[in-house]
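Quick setup: one chain, the form predicted on its own, written in structure tokens, and binding and motion questions come after.
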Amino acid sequence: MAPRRQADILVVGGINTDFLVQGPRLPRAGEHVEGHLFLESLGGKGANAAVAASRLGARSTLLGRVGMDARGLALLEQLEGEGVETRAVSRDPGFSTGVVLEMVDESGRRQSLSAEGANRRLSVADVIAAEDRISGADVLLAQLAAVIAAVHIARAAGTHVVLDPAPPSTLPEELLEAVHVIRLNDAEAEVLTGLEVVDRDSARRAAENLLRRGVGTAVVAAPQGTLLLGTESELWLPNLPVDWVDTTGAGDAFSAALCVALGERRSLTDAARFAHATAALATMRLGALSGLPNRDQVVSFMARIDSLALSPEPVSW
């Protein structure tokens, strides 16, 4: 068997400190609920995806921004400890490193409040400074609104472009037209298309809307599963039978795994299956970073569920 090709992934996205408390339920407005577990960890969609890609065996580089504070330095050290290349991460002297406050209940539902800080200061100049690195990557995973310059550099170099448009917001049509693959959840799909995503059929309508606007392939998460729709393929992936603990970071894990598989020159459908399994595993532990699986764990999990025959047709679990 030929050795697996190592993917080279460049992630443009946010870097935060996550402060997470788990309790029996989420508080209502003005209510105090006593939690029973606290975690502080590296977080942010960009950092999560870059670590996920590294754990899945890719060469992973992160383009982002942190503050000059002690938290920023500590996060860079954590990223490097995970095998993520951080030379494209700049440090902002005027803004603090981003922070997210997370609350998670025992069924995995969550609420969050963020202060983006230095993440908001990532500039076109930062992107241009990383042009050689973007051009040399197999796949660009873009997760911030200020990434149009990075996308254009990637397209000109023949780099595959995957867009993860969080938080939900409208996007320029020129950005959608430059994207090979867009991966979005139901809330993001509704903002981008005006269509409520509640099941497979409504996910298809949202995906069709995005394809008409120039996106190459749309991957839309619905409550019961995830739909991949391209010009020549459709794949429905029902939710896998795992015990959800915390969904924080699961979308980032999906996007990173999709990019890794595409960078290994696997087909879109194979990449989606790999990403779907990775995201399912990421929900089984508390905290985004601690839930990100390594490659061996994903491969083992996929072997266990192989008999369930993931296919374009709905599967009864």
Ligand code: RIB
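Residue numbers run from 1 along the displayed sequence. This one's a predicted model, so the numbers in the text were calculated from it and none came from an experiment.
Keep in mind the form predicted together with alpha-D-ribofuranose (RIB) is missing from the figure; the text below concerns it.
Which one of these stretches, 272-280, 23-31, 57-65, 246-254, sits within 4.5 Å of alpha-D-ribofuranose (RIB) in the predicted complex when only heavy atoms are counted?
Among the listed stretches, the partner-contacting one is 246-254.
Heavy atom of residue 92 within 4.5 Å of alpha-D-ribofuranose (RIB) in the predicted complex
Residue 92 lies outside the contact set for alpha-D-ribofuranose (RIB).
Is residue 288 close enough to alpha-D-ribofuranose (RIB) in the predicted complex to count, meaning some heavy atom within 4.5 Å?
It does: once alpha-D-ribofuranose (RIB) is placed as it appears in the predicted complex, residue 288 has a heavy atom within 4.5 Å of it.
If we define contact as a non-hydrogen atom of the residue within 4.5 angstroms of the partner, is residue 153 a contact of alpha-D-ribofuranose (RIB) in the predicted complex?
Judged by the heavy-atom cut-off of 4.5 Å, residue 153 is well away from alpha-D-ribofuranose (RIB) in the predicted complex.
Does any heavy atom of residue 186 come within 4.5 Å of a heavy atom of alpha-D-ribofuranose (RIB) in the predicted complex?
So residue 186 does not count as contacting alpha-D-ribofuranose (RIB).
Which one, 138, 126, 82, 102, lies within 4.5 Å of alpha-D-ribofuranose (RIB) in the predicted complex by heavy atoms?
If I apply the 4.5 Å criterion carefully, the residue I get is 102.
Can you tell me which residues in 11-32 come within 4.5 angstroms of alpha-D-ribofuranose (RIB) in the predicted complex, by heavy atoms?
If the 4.5 Å heavy-atom criterion is applied to alpha-D-ribofuranose (RIB) in the predicted complex, 11-32 yields 16, 18.
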